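Only one chain is included here, represented as structure tokens and corresponding to the form predicted on its own.
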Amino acid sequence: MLSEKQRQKDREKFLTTRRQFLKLGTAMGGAAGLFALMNKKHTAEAVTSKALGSRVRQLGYEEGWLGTSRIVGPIQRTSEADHGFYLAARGFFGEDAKTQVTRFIPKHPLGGAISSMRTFIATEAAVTGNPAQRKLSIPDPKRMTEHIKKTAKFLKADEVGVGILPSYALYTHRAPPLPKVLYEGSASLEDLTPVVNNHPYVICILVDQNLETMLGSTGYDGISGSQSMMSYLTSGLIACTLAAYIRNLGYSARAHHCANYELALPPALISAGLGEMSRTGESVLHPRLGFRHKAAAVTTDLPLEPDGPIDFGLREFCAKCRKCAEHCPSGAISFEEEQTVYKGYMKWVNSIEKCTQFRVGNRDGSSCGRCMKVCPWNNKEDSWFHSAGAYLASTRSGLAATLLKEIDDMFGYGTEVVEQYRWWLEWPELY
């Protein structure tokens, strides 16, 4: 009988062989044959990432829809204090969650270090301010939009988009920054500030959480919270810098990031063309990054040209895949094929309570990113095979979605832990 160590070595050998195979340029012919079977009009060029881009439909702003999310009634603005971790901190999800929410990120030394840095960009002075008195003339909003995107990329954003700010994305009230409540005790959850924001545009920024680290993680071990905090902090720094730059140009701008929000990001991300709503609930999935990212935003009155929402077939894909639901350790994700009505729009309704309870109470790690780990859109190296799979999924075919999920399972994606990528230290005694 093989020892556990030998089984691990055999699995690592398989994973290494798989990666070598998937990255072989000579395998392009096989991918082209696959496409020929699926659609005779397409050639081998269809497997490239550029070709996937051609499968992304740019949508207009249509009444009754936000991208591919259907709106069936008035969407009420919500208070920041009524979301996930704030509800846990207020005792709505039980005593264990209330206790653990104050320590689930800081209990890992790296996650705690990164998280503590967020307090420095959480102040009002960091996120907003008065614009310069002299205003730069903007004769061409389209050129200014391209400039802002290139500036965000220069600041190390992985993706950036511009949208019209949906009014219902704004919170009714802003709660004090969670780090000040949880880690410093210098603010109370009862200190709510009304949100008054009339900016017409929103600039959204995505930062990748790091593919190799995710491949080395279980999805809910010690690095999970650190990955999240790293991307939150980075996207927040970019947003604060970009907002300050826009104010220097003479226009009003406010940064929104994980330590100081005035809005819920999902509708803003959809409006800016950075993805579609996924089965995981409020997670917006990007066609290249999946939801292996964290986001921040800048609202502004700088004249810009919005990108508008996109459609790359995610709703049809998520209806058939269900891989995140199958692997969710808390059982929080819906298995239903059809979306249901939720607060005025259609979505897959999941249990915020179950998800939050597991993430803050996870004794084997800090937080959880298991759905991100297993999602076929998130867990891919750069290869012809993955470009082919993403292209097939973007055809909006239920059959293609099922095929991609089955092939994903066959190659072991989402369930592997690649030891060579495990660079971080674990501290189980702190759990």
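What you see is a predicted model, and the numbers here were worked out from it, not measured in a lab. The numbering used is simple: start at 1 and walk along the sequence shown.
The protein also exists as the form predicted in complex with another copy of the chain; that form is not presented, and the subsequent description refers to it.
Participant: Specify the contacting stretch among 196-204, 224-232, 342-350, 284-292, defined as having any heavy atom within 4.5 Å of another copy of the chain in the predicted complex.
Facilitator: Residues of 224-232 come within 4.5 Å of the partner.
Participant: Here the chain is shown alone; which of Ala325, Ala264, Ile71, Leu249 has a heavy atom within 4.5 Å of another copy of the chain in the predicted complex?
Facilitator: That would be Leu249.
Participant: Heavy atom within 4.5 Å of another copy of the chain in the predicted complex: which of Asp311, Glu316, Asp158, Asp307?
Facilitator: Only one option qualifies, and that one is Asp158.
Participant: Can you tell me if Met144 lies within 4.5 angstroms of another copy of the chain in the predicted complex, counting non-hydrogen atoms only?
Facilitator: Met144: contacts another copy of the chain in the predicted complex.
Participant: Contact between Tyr168 and another copy of the chain in the predicted complex at 4.5 Å, heavy atoms?
Facilitator: So Tyr168 does not count as contacting another copy of the chain.
Participant: Should Thr123 be counted as a contact of another copy of the chain in the predicted complex, where contact means heavy atoms within 4.5 Å?
Facilitator: Taking the distances in the predicted complex, the answer for Thr123 is yes, it comes within 4.5 Å of another copy of the chain.
Participant: Is Tyr86 close enough to touch another copy of the chain in the predicted complex, meaning at least one heavy atom pair within 4.5 Å?
Facilitator: Heavy-atom contact with another copy of the chain at 4.5 Å: absent for Tyr86.
Participant: Does another copy of the chain, in the predicted complex, lie within 4.5 angstroms of each residue among Ile114, Lys150 and Phe154, using heavy atoms as the measure?
Facilitator: Yes, each of Ile114, Lys150 and Phe154 comes within 4.5 Å of another copy of the chain in the predicted complex.
Participant: Can you name the residues of 204-224 that have a non-hydrogen atom within 4.5 angstroms of another copy of the chain in the predicted complex?
Facilitator: The stretch 204-224, when checked against another copy of the chain in the predicted complex, contributes Val207, Asp208, Gln209, Asn210, Thr213 at the 4.5 Å heavy-atom cut-off.
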